[in-house]
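First comes one chain, alone, set out as C-alpha cells in the form predicted on its own.
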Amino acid sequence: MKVNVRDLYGKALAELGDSDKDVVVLDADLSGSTKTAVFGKKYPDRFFNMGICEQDMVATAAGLASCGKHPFVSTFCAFVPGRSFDQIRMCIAYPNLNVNLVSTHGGISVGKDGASHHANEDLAMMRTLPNMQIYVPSDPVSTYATIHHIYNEEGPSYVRLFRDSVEQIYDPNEDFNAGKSHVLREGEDVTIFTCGYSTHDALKAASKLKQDNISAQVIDMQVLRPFDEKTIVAAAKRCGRIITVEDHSVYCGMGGRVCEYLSSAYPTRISRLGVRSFTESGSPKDLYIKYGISSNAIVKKAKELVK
C-alpha cells in the first residue's frame, strides 16, 4: 500500500506539539499540501500562516528560535530555500539557530506543476551552508523518524520531502536510525547510491539487473550532512563501480558529495545520473525517463560500468 510521506510529517509534527509547548510551526499559505495544517488545527495558537512571504517566514522563525521557541518551517522546496536563501544563510545558518526547515515537493517528481516548481537545485544550495544538517528521506517510515530526529538535534536542519505517495521501504516495527545511510540491498558488482524518491527506482533497477546476473548494492544516502563516510568507502572498496542517482541536478547534489569525498579518500569509477537542464511539465514517470533517472536508465548505466 502506498502512503504519502507528507502525511507522516504532519503526524510527527502533531506529536511533537503534544510533548513540547515550545514547538511552533510556520507555513507560507500551503499548509494543506505540506500537511502542517494537522498541527495548525490542533494548536492554532502556535501555528502561523505567513502568506506568500517566504523570506519573512524564515526571518520570523529565526526570531522565534532566538527567544527559546522550536520552529518548524514549511513550504515547497522551490520557495525554501529557492526564494529565501539569503535569509536562511544570514538569519539561521550563520547564528546556528535551532530552526528546522522541512520543504516538500522536491525535484521533478513534482510532475505536472511544471518547471517553475521543479526544485532541482535546493540540495546544492543548502550544502554550501556551514552548520546546516541535510536529510532526504525515501519513505514514510524514514520521514517520520527523521522529523523526530531533527527535533532532538541542535542547530539548523533542512529536510527535503517529495509529492507522490510511495511504498514503504523500511519496516515500521523496527527502529530506524535517521542519522545514517542504509544498505537496502547487498551486491558485489556495482553500488547504486540514491536518496529520496529516486530510491524506489534504484531498487527496481537492482531487481532488473539481478535477472541479467549483475549483483547491485543499493544504499539509501538519506543524510547528506552529517555525511556517512564509512559507508561510502566500504561500498567503493567492495564493488569498485558506483552509480549515483538523484531527483536533483547532477551538479552539487548527493552525487557530487559522493564524488568529492571519494576523490581523496578512495578514488573509484563513478557515473552520476541526475537532471542536467531545466525541465518541463509531465508525469513523474515520463519525466524520469526523459531526464535519464528512471530504473531503466540506471540499468543501462550499470551494464556499461560492469562491461
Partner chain sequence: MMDTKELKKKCDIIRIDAIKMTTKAESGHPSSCLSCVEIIGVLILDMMKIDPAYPNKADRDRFILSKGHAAPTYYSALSLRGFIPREELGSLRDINSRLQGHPDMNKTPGVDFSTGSLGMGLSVANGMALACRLDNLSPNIFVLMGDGELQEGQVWEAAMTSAHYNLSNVVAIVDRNMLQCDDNTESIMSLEPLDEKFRSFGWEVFEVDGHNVGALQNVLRKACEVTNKPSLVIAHTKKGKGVSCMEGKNNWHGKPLLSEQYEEAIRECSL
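As the structure is a prediction and not an experimental result, all values here were calculated from the model. Residue numbers count along the first chain shown, from 1.
Beyond what is shown, the protein has a form predicted together with its partner chain; the following relates to that form.
Undergrad: I need the one stretch from 251 to 259, 61 to 69, 274 to 282, 32 to 40 whose residues put non-hydrogen atoms within 4.5 angstroms of its partner chain in the predicted bound form.
TA: Contact-bearing stretch, as computed: 61 to 69.
Undergrad: Pick from Asp212, Asp86, Glu186, Glu229: which residue has any heavy atom within 4.5 angstroms of its partner chain in the predicted bound form?
TA: Checked against the cut-off, the match is Asp86.
Undergrad: Hey, in the predicted bound form, is Met50 touching its partner chain, heavy atoms inside 4.5 Å?
TA: Met50: contacts its partner chain in the predicted bound form.
Undergrad: I'd like to check something about Met90: if you look in the predicted bound form, is any of its heavy atoms closer than or equal to 4.5 Å to a heavy atom of its partner chain?
TA: Result yes; Met90 sits at the interface with its partner chain in the predicted bound form.
Undergrad: Can any non-hydrogen atom of Val24 be found within 4.5 angstroms of its partner chain in the predicted bound form?
TA: So Val24 counts as contacting its partner chain.
Undergrad: Is Pro95 close enough to its partner chain in the predicted bound form to count, meaning some heavy atom within 4.5 Å?
TA: Contact check for Pro95: yes, within 4.5 Å of its partner chain in the predicted bound form.
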